[in-house]
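Only one chain is given next, in structure tokens, and it is the form predicted on its own.
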Amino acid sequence: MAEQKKTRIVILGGGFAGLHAAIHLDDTLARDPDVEITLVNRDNFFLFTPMLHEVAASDLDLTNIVNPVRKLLKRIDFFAGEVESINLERKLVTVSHGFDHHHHELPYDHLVIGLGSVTNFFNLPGLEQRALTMKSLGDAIHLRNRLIAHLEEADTECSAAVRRPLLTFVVAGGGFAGVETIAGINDFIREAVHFYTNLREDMLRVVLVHPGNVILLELGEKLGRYTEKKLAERGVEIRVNTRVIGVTDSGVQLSTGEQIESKALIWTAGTSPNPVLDSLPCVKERGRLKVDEMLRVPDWPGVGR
């Protein structure tokens, strides 16, 4: 008798959506011997992104916001790799992994797409090359190291002439990520500056640039204004109704015509859907897959988001 074919479920992405789906299936369908489930993610850990800024500001150790995926899942296979493409007609996902980035094809019967978003630099001049981002654990560690490096360099006598741009930090984006990041940065450098002989707190400049008329609009104008007041009391400059339009070696260019002399721009002002979705022949809204009330992708049975 021919062996019964297993039903193959592939989950793409190990963020909040993908991992939650995997954990639920691990406790339910994965117990069925006729079901085979695979989770694909770039990293082999789950990252609690809302607390990235606390790692960047040294308020938390990185081990507090990561959890190994293999430790969380008991019956689901895990594949650490990049999703290169999705072929809905053939029901195949192409992934790559390893030091040589070689490719594999993963067939599926049911597909869950939870690839999340990527940073959108809006093709602004110099931004992608010079801006720091806050999307990954590596970003948070890099930002923390960069803050310390700026303080160290500014403290040296030979850097006196470039001290101002080294001690000016600009965050673009007044949403949750931007506000939490600038608050963490501000506290960190103002506490650290007292350990440097040639630096004073009044040399520091921390600027938040936001295109809307109030930050944290998701919480309503009243709370947004309150947050602006509290940040200002801590020494943060707030620039509302202002956009970053470019970055050069000498500073950050604003839509008001002003240029802020700074060597550190942290970009939290835009995201885009994962580019893997661009080639999918599905109905989309602003680049994101359109789904029904059950999170199913119309016209493609077995595909969900």
Ligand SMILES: Cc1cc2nc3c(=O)[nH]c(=O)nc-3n(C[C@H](O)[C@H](O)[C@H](O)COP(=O)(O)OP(=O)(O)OC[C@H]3O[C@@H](n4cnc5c(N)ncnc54)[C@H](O)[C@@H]3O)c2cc1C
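These figures come from a predicted structure and were not determined experimentally. Numbering starts at 1 and runs along the sequence shown.
Same protein, other form: the form predicted together with the ligand, not shown, and the subject of what follows.
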*Of I266, L52, A269, V247, which one comes within 4.5 Å of the ligand in the predicted complex, counting heavy atoms only?*
L52
*Counting non-hydrogen atoms within 4.5 angstroms of the ligand in the predicted complex, say which of A17, C282, V291, I23 makes the cut.*
A17
*All of G13, D43 and N274 with a heavy atom within 4.5 Å of the ligand in the predicted complex*: yes
*Heavy atoms within 4.5 Å of the ligand in the predicted complex: which stretch among 192-200, 225-233, 128-136, 99-107?*
128-136
*Is L115 close enough to the ligand in the predicted complex to count, meaning some heavy atom within 4.5 Å?*
yes
*Considering only heavy atoms, tell me if F122 and the ligand come within 4.5 Å of each other in the predicted complex.*
no
*Answer yes if any heavy atom of P165 is within 4.5 Å of a heavy atom of the ligand in the predicted complex; otherwise answer no.*
no
*the ligand contact in the predicted complex: E82, any heavy atom under 4.5 Å*: yes
